[in-house]
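Single chain ahead, written as structure tokens, the form predicted alone.
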């Protein structure tokens, strides 16, 4: 029979797990080492509790103490876990080969992208050979309308479903420009018909993004494979990249 003591213990354990998740997500968003006191403040965790969590995670090598003044970051165990995950997912394992090949072939940044909830994320990123490289941070959530890939990743939905799925505020770009919803829906239909999408000057006015859909057996776009290039890239080069992306996406897709 459940007692108040058991319920309280279970609730406390769940709260502790939530705090570990919050700690990890904070470090991921920050993408840099942080002071334990700052993590506690930003995640709303009592400082004594955060120190206790950090000490436990340092012992497990999930975190690493970089100095004596309470600065921590991800530890080596996190790298091993991530490597195990990448090796265990067949699609991602195949995509790593494709992304590396595309980047080497064209000398430009190539990516493999997907949805996480109602946001877009870069799963794999292979920088190009340019001294000035264009790339996005792996794992950082970005509004769907801000991206070329986003116009493919929701193309299995109907118009009303798409507009219900994407938060209203996500149609506003960082510089304040507003993406017209009707134009966004038209872009989606055109991209699905063409088998690729090209956008220029969305988040970065100097960047063009080219993407092709990776589809499952039902024809749903589960991921995209992309090039991120300077906006002044010659049209002939862009056409070659689109051809390569389509070929790569076909190899990664499940036959329908």
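Positions refer to the first chain, counted from 1. All values reported here derive from a predicted model rather than from experimental measurement.
The form predicted together with a further copy of the same chain exists for this protein as well; it is not shown, and the discussion that follows is about that form.
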query	finding
Site check 17, 57 and 121: each within 4.5 Å of a further copy of the same chain in the predicted bound form by heavy atom	yes
Any non-hydrogen atom of residue 180 within 4.5 angstroms of a further copy of the same chain in the predicted bound form	no
Residue contact check: residue 156 to a further copy of the same chain in the predicted bound form, 4.5 Å heavy atom	no
Heavy atom of residue 170 within 4.5 Å of a further copy of the same chain in the predicted bound form	no
Distance check, residue 64 to a further copy of the same chain in the predicted bound form, heavy atom within 4.5 Å	yes
Heavy atom within 4.5 Å of a further copy of the same chain in the predicted bound form - residue from 190, 52, 216, 69	52
Segment that reaches a further copy of the same chain in the predicted bound form - one of 98-106, 160-168, 181-189, 143-151, heavy atoms within 4.5 Å	98-106
Residues within stretch 15-38 having a non-hydrogen atom within 4.5 Å of a further copy of the same chain in the predicted bound form	15, 17, 18, 20, 21, 24, 25, 28, 31
